[in-house]
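Next up: just one chain, as structure tokens, the form predicted on its own.
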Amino acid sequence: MLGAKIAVARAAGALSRSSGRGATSLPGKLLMRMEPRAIERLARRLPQGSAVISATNGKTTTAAMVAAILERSGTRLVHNRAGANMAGGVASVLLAAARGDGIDGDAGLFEVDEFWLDRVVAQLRPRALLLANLFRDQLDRYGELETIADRWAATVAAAPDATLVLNADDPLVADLGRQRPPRQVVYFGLEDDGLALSQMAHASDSKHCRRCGAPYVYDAIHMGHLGRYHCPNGDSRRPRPDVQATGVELDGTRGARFALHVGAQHAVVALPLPGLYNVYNALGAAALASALGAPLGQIVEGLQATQAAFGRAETVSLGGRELAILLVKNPAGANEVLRTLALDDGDHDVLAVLNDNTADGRDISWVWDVDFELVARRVRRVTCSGTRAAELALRLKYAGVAPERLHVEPALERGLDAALADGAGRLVALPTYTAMLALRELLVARGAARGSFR
């Protein structure tokens, strides 16, 4: 019976693609409607089981890093590379790999939306579960961080056989390993205070002990609320990470370099992706790959071979200019992108695109928690586009960008053309999620990017 349902779902996906509507999640959604346990039944066919990655920021990039590591040993992955990370997307990629009563793959690697994690993990029953961070994001959809943390805690409790890979520097995430035997938890974190912030950003989120409610005491703040912390009442403290980064060097928007420590072993990683946030992504990927049995040399090679996923520090050539695309979708992520951009020399030409579609979050008040002041004095020109272009321009004006340097063009294609026409050298695009997808479609149509993203 499952075979017949698979055939129907595949046919529907083919029809959707032929009509130009895309079909990343549609076949999986249809299959689950016909067979609610489709994910579970197909995942059981994977001889090496599955690994799951979830986070507010960095899921797609971290999954790409893990894939680059595991595939170096010849492992055939069933992986939702396109980033369709709800149940329909996971079901679709398993459906595409199904062959008769078997599956074309050795192991599953799935990034999963943080709000869908409990439902997907219950069916996948993964060998390992990487939980990388929790930041405030789309409050109109997710609610406060504690809402997601409670759901994650229930997910972890319902998956007692999974190895947990947790960010030691994120208090809410690290706390999820408290009740697990030490052999079932791998912590990762930054053991380098050279890039520590002088004070916590006003947009930081998780600042109170989940056990007693007391404000955490931070000995070092690395990014948002990530850092080295302890509860003054002794109820919790940051675990010592098993996988660490030291000697971190950031090369602006070009890349980063650090020493990776996995247990007693260590090696230097030249990461081709920028920013401290990508160092954290690399640490999570290294910790998960290590938990799955990858040796250090293979981990380093995979990290250094990782290519940027579209919109996440990818660079293309368009109109005789270099276009760097840096996704911004919540205060913590945007602040780290701006912090990284501020390391580059010279003034910047920027295309900033703010949408308020469902996948972005309807509430755009989060832009007032983004520290645009970090780069405001070094902006030569900003073209504001998207459904909320005027509001973004207002925020930038208050950040200190001179009005004569601000230009508003809500239509993305016209905004892109205007930004390209006025200037030379590199143009930096800062799009929200749906704006990034729309920009991708424009670049594919103009021959500057390849393939279909969705």
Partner chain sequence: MAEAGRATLRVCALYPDLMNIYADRGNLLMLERRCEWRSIGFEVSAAGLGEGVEPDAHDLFYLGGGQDRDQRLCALDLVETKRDALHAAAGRGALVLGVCGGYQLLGHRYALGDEEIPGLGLVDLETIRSDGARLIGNVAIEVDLDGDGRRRVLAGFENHAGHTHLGPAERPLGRVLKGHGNTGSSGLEGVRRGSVIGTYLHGPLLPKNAWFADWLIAAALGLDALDALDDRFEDAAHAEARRAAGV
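These numbers were taken from a predicted model, which means no experiment stands behind them. Numbering follows the first chain given and starts at 1.
Just so it is clear, the following notes concern the form predicted together with its partner chain, a form of the same protein that is not shown.
**Q** With the cut-off set at 4.5 Å between non-hydrogen atoms, does residue 136 touch its partner chain in the model of the complex?
**A** Contact with its partner chain, yes.
**Q** Would residue 192 sit within 4.5 Å of its partner chain in the model of the complex, counting heavy atoms only?
**A** No.
**Q** Test of understanding: in the model of the complex, would residue 387 fall inside 4.5 Å of its partner chain by heavy atoms?
**A** It does: once its partner chain is placed as it appears in the model of the complex, residue 387 has a heavy atom within 4.5 Å of it.
**Q** Although the partner isn't part of this model, could you tell me whether residue 357 comes within 4.5 Å of its partner chain in the model of the complex, counting any heavy atom of the residue?
**A** Although its partner chain is absent here, residue 357 would stay clear of it in the model of the complex, with no heavy atoms inside 4.5 Å.
**Q** In terms of non-hydrogen atoms within 4.5 angstroms, which of the given stretches 420-428, 402-410, 39-47, 52-60 touches its partner chain in the model of the complex?
**A** Answer to the contact question: 402-410.
**Q** Select from the listed residues 219, 322, 249, 146 the one whose heavy atoms reach within 4.5 Å of its partner chain in the model of the complex.
**A** Here the answer is residue option 146.
**Q** Only one of 71, 301, 242, 369 has a non-hydrogen atom within 4.5 angstroms of its partner chain in the model of the complex; which is it?
**A** Only one listed residue qualifies here, and that residue is 369.
**Q** I have 106, 127 and 260 flagged as a candidate spot, so tell me whether each of them has a non-hydrogen atom within 4.5 Å of its partner chain in the model of the complex.
**A** No, the whole trio is out of contact, none within 4.5 Å by any heavy atom.
**Q** Even though the chain is shown alone, can you say which residues of 25-63 have a heavy atom within 4.5 Å of its partner chain in the model of the complex?
**A** None of them.
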